[in-house]
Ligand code: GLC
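Below, in structure tokens: the form predicted alone, a single chain.
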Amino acid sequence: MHWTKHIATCAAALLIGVAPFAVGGQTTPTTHMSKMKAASANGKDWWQNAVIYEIYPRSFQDSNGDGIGDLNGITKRLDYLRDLGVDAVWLSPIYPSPQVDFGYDISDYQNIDPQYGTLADFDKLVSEAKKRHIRVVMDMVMNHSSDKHKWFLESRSSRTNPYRDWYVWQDGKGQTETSKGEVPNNWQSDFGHSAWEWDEKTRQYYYHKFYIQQPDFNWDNPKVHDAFKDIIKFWLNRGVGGFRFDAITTLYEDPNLIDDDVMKDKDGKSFTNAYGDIALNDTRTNNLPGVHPVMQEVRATMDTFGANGFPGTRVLIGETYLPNVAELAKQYGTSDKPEFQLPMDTQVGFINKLDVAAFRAKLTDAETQLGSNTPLFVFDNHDNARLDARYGDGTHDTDIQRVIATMLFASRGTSLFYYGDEIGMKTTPPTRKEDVKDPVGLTGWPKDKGRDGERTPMQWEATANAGFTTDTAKPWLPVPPSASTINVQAEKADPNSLLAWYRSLTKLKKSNADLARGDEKMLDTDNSKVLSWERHTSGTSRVVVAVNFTAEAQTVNLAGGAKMPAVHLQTLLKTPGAADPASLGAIRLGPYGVYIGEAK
């Protein structure tokens, strides 16, 4: 939920005489390979090369005609996910909720919202997914609850209630018996305006990092820790494959309540954000050290559970928007105090422009600065405009999305993508404020239209409601006009579609040893128009990947300098219609073209 504002296969092998294969004449270090080989042998660390698919349940598939997606709808589409190559699905929150923030305001952590189904429906989903070797990952929201949760209702009932210190309460500045004074400090909600809300009954302010109806827990209270351990155990006992932890870096705030600093533009002047507030950094309410012991506790709890019939461990995924790779590395913990297996590397996927140097640097950081840990790459999610809006040019959007998918699946690590990315769904924001559902858009309109545009119904077919719900139902968000041409049914019939590209990439990611387990090294590093890299295990083969970041054709030389024996070059995947390269010394790429080849 963290709202970031700033975020054809060729079967023939060719015998070609070339110079050294794409590496400057040296063998890539095998820093990561021993772990990866062990993982593939016993399945223990299945997540190291996994494909994870985020589902926004309201928008994926409606099974009962009420216009809202549900658990039985997801179960209905499991074969599609299996064929797509998915190893796990991450569900955004499906707990009971007033739906102010569409599930991220939770009123009961141990049940299912009736809009989505029942616990029995959830159990069926887990069981049916397991038959297809797909794990179900739950969203875990520990930063805040709904203001309708029984704990908060108790907390705000009186200052002496046992649940009072489960949440963050403060007196106002200059508060008296007759005046509430001023807010405790200048901290802001990520959804706009002050992060403090006055409660008249108990005459104190409560803190909310996000929406007013989402009061923050007080993680200095051990009872909060114990409560969430019980919640996590509840879902582990129901067979979930792990959790994705929402807004996890915001659990703690500065206990001294020091004001956040005002941000400055390049001229040293303050400025306002989309909500009309003076822009502040959030260093006193985000990424504070207390988060690490919490996640160490959670990991210890998780590791006491078996794998529910699957080989390997349950997985912890972190929503980790962090300033640099050094901070990301901390989220893995240490060998004696492990934390996340997979904190999200948002520094790669949310560059938000096709900049070869930037991607090269960030991918190199992920390969070289995380030790033996596995990167988790993600380019898209329910909080950000879709790929077309952040990377597309309106003309080559599908080709650009092939480029992005190639970086996502052909890089070393775990790949996480968002429902509809595989068919190229487009961001479709509301055009009128009265149509806005997202609280972010209601507060930020018209500068910030909210997140409805990336949460529209999944486009399955070219029917009135795109196969998401019945033709006569009213979907909770409108089906975009693009569904008439951008849909699963149409793309399944087209071997050159984006969907076919995704399926080919996920298959390669699992079946090719170098792509599955190999280390990664950047190639042709002075090139500002084409990003190229190799993947290599300790074997005799190597895989080379080249992606053109421009709308003009490019030719790259990945052969290196000195002489070496001839190699076999086999095309594994290439942009539809492209010719096989004559040699590694002359790989021709069309506009936003991609080439993946294996040399032996």
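Keep in mind the model is a prediction, meaning the values are calculated, not measured. All residue numbers are counted from 1 along the displayed sequence.
Beyond the structure shown, there is the form predicted together with ligand GLC, which is absent from this document and is the topic of what follows.
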- request: Determine whether any heavy atom of His149 comes within 4.5 Å of a heavy atom of ligand GLC in the predicted complex, and answer yes or no.
  value: no
So in the predicted complex, does Ala247 come within 4.5 Å of ligand GLC, heavy atom to heavy atom?
yes
Hey, in the predicted complex, does Glu319 get a heavy atom within 4.5 angstroms of ligand GLC? yes
* Is Asp399 close enough to touch ligand GLC in the predicted complex, meaning at least one heavy atom pair within 4.5 Å? -> no
Within 4.5 Å of ligand GLC in the predicted complex, heavy atom basis, the matching stretch of 238-246, 111-119, 426-434, 322-330 is 238-246
Of Glu197, Asp524, Asp216, Asp383, the only residue with a heavy atom within 4.5 Å of ligand GLC in the predicted complex is Asp383
The one residue among Asp101, Asp452, Glu339, Asp87 placing a heavy atom within 4.5 Å of ligand GLC in the predicted complex is Asp101
In sequence order, the residues of 173-196 that place a heavy atom within 4.5 Å of ligand GLC in the predicted complex are Phe191
